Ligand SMILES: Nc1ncnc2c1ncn2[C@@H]1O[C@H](COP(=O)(O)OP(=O)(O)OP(=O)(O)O)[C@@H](O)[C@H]1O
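Below you'll find only one chain, the form predicted on its own, shown as structure tokens.
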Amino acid sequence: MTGNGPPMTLLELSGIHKALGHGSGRVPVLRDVSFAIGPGEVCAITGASGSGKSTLLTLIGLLDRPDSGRLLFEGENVARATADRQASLRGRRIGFVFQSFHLLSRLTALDNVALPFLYRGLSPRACRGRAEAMLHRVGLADRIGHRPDELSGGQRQRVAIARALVGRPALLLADEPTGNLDSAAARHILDLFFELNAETGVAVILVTHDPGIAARCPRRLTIEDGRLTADGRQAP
């Protein structure tokens, strides 16, 4: 980057509103939420259960649409993009990691990680080659042939992270990724997020109710009753 201009924005939300339910039973969940995320940034979203943080993540991940407001991803107003365009962006530019892993039980770690490439129509051999390299990177070189039920919780989450990052997305969304892990495994998974962020430049947005995990993130957004109430950055 040259000059003194502002850094490029990867993600920008402006005046986002979202309600859930139908008719007179609709309940506001997000109210006038606005913030921006830069390339390579690591950010925690915190808040009590029911505050709206998971709903916010589904909007950012293009799994749902806001009722109003703008959601720009790499400069494109994706809130109004077609369903096909949103699906393409989810598959190529956004990775997902969930608390419950969402691995296919009948597939090995290798084939679980290869799935995103198989969906793109690449040859199985090429898919498995990239998947194997990613599993090596997350420390599972000796587990590539194991199915999820043969892995520990921490190992399963590493498989999920490998699957999320094998396509080299610009943004990784993690919803309570350590919620099913013991404290040691949770610490190792968070370390891995930071290592992969430093190596690949992927931006990370992590939803957590754990203040200890949030405290390790350089930036913390707090959601209360659907509103963004705090946006804090740690000193470098």
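In this text, residue numbers run from 1 along the sequence as written. Model, not experiment: these values are computed from the prediction.
One more form of this protein, predicted in complex with this ligand, exists but is not displayed; see below.
Trainee: So which of L63, A184, A198, A48 gets a non-hydrogen atom within 4.5 Å of this ligand in the predicted complex?
Mentor: Only one option qualifies, and that one is A48.
Trainee: Though this ligand is not shown, can you say which of L171, L59, V29, I189 has a heavy atom within 4.5 Å of it in the predicted complex?
Mentor: Only one listed residue qualifies here, and that residue is V29.
Trainee: Heavy atom to heavy atom, is N180 within 4.5 Å of this ligand in the predicted complex?
Mentor: Judged by the heavy-atom cut-off of 4.5 Å, N180 is well away from this ligand in the predicted complex.
Trainee: Can you work out whether G212 and this ligand are in contact in the predicted complex, taking contact to mean some heavy atom pair no more than 4.5 Å apart?
Mentor: Judged by the heavy-atom cut-off of 4.5 Å, G212 is well away from this ligand in the predicted complex.
Trainee: Are any of the heavy atoms in G15 no more than 4.5 Å from a heavy atom of this ligand in the predicted complex?
Mentor: Close contact is absent here: in the predicted complex, G15 is far from this ligand, nothing within 4.5 Å, heavy atoms only.
Trainee: Taking 4.5 angstroms as the heavy atom distance cut-off, pick the stretch from 49-57, 198-206, 35-43, 66-74 that is near this ligand in the predicted complex.
Mentor: Result for this chain: 49-57.
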